[in-house]
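Shown here is one chain on its own, the form predicted on its own, set out as structure tokens.
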Amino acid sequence: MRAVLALAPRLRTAGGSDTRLTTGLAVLAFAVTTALTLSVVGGLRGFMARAANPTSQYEVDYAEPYVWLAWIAVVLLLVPLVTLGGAAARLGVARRDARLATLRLLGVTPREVVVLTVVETAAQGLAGAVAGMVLYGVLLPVWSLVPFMGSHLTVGEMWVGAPGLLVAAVAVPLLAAVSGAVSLRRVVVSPLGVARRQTPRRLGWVRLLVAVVGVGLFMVVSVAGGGLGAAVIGVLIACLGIAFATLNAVGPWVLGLYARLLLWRARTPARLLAARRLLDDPRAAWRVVGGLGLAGFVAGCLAVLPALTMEAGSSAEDRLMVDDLTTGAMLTLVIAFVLAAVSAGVAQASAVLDRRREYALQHLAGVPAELFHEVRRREVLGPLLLVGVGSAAVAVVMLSPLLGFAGVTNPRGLLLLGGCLVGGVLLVLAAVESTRPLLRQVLASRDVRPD
């Protein structure tokens, strides 16, 4: 085992500049995940502190609703944050799997392969966690500029303290290690399948059943909740998180269906190649567009905001509550869309590196560079629109027992939802297009790596 562990540093450098870039992207993703998670938890702690020790009559009367709303924001952002962390651990998975499969064929045991990957990904997670803590400290004065409850949350109120930092230092590397180990199933079971680049197994319809159960559970609790007491609100928030998390299960399955439809209607080389790539690995496609799907779900949940503001009372306290609700909703949306853009850019850069050999060989065979760019646009744009609109629609339907369809029947709510989705699509597309120089660099390379 010692000899195998000694291979870990060499394994990280075996891919040259590609591996260094992939490692840098993973650390960046873990840093963003850590910084934003600590920021969101810090905001929740700030509202809880004010509810426990109110300093004004407004805080006495309204602090508790702020805590519940903060919990909803945490739930809505926790899934994208964990998803980004998990995707970071899978960066460069195709190239890493190929090298580990070679080691398996040379006699390295499955247990040793898992240890190698856990060491590598946990080290990336730890580096990202440390960088994220520093970024969290830099962002604290920025968050304190946002007004809530008639004043500003101070840096002290949003500081998670040493215990929070310690939890992050343990949880992020653990998430990285678990995600990296899960991604090794193909290597451990069939190294020859990895070496031959066999197509992954088709996704089953059970994923759709999981999503339906998750959404249905929230709707049933909403109808049976009655007067929505504190206990019921807590259960509703938990069910919201469960339903939200099921999007990750059904998303790749929906993209697989879309890919088969796209393949059936393909009439040009670009459409054909895009459909084939989507169908070959819907999970990889979901890692690029899934962030917008989760952000679209958040936008669908918050589309009812204009209708709620119109029904608010005319007192100063009611107006302040509405203003803070609007501020919190917009802040949640901005963070969700930033996560979506970072996730898409990182995943697309990793996909380019994973397909380096494929791209280089096709380009040497005469495929023009513009065709690669057109295929990538089609591979991303269609799923983006499908996932963004679909997830927002799921959120609207899921919340209908509680709030009706105010988000799509109110013109202001519909305008807010449409504007958020358009802005999110453009932001994610910009993140994807930022990897164009990397693809040009890959296509300009004349030496094709044998791995």
Partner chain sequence: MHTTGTPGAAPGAAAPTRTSDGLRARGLVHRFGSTTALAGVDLDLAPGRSLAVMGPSGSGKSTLLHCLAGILVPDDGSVTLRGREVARLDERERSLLRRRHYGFVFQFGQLLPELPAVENVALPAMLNGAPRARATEHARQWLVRLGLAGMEERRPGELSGGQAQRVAVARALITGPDVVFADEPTGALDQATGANVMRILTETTRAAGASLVVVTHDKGVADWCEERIEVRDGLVVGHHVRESWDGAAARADLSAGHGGLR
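Here, rigid core means the biggest group of C-alpha atoms that superpose within 1.5 Å across both forms. Residue numbers count along the first chain shown, from 1. Just so you know, these numbers come straight off a predicted model, no measurement behind them.
What comes next is about the form predicted together with the partner chain, which does not appear here.
Asks: Counting non-hydrogen atoms within 4.5 angstroms of the partner chain in the predicted bound form, say which of A266, A181, L139, A171 makes the cut.
Replies: Selected residue: A266.
Asks: In the predicted bound form, which of the listed residues (A316, L145, L361, L166) lies with a heavy atom within 4.5 Å of the partner chain?
Replies: Of A316, L145, L361, L166, the residue with a heavy atom within 4.5 Å of the partner chain in the predicted bound form is L361.
Asks: So, L272, D280 and P368: all three within 4.5 Å of the partner chain in the predicted bound form by heavy atoms, or not?
Replies: Affirmative, all three are within 4.5 Å.
Asks: How about R357: is it within 4.5 Å of the partner chain in the predicted bound form, going by heavy atoms?
Replies: So R357 counts as contacting the partner chain.
Asks: Would R276 count as touching the partner chain in the predicted bound form under a 4.5 Å heavy atom rule?
Replies: Flag for R276 set to yes.
Asks: Pick the stretch from 257-265, 292-300, 317-325, 129-137 whose residues have a heavy atom within 4.5 Å of the partner chain in the predicted bound form.
Replies: After filtering at 4.5 Å, what remains is 257-265.
Asks: Please check if A122 moves between the shown form and the other one, taking a CA shift of 2 Å or more relative to the superposed core as movement.
Replies: A122: C-alpha displaced by less than 2 Å between the shown form and the other one.
Asks: Core superposed first: is there a CA shift of 2 Å or greater at A329 between the shown form and the other one?
Replies: Superposed on the core, A329 moves its C-alpha less than 2 Å between the shown form and the other one.
Asks: Would L320 count as moving between the shown form and the other one, using a Cα shift of 2 angstroms or more after superposing the core as the test?
Replies: No, the C-alpha moves less than 2 Å.
Asks: Which is it in the predicted bound form for the CA atoms of P282 and L333, closer or farther than here, knowing they shift by 3 Å or more?
Replies: Relative to the shown form, the pair is closer.
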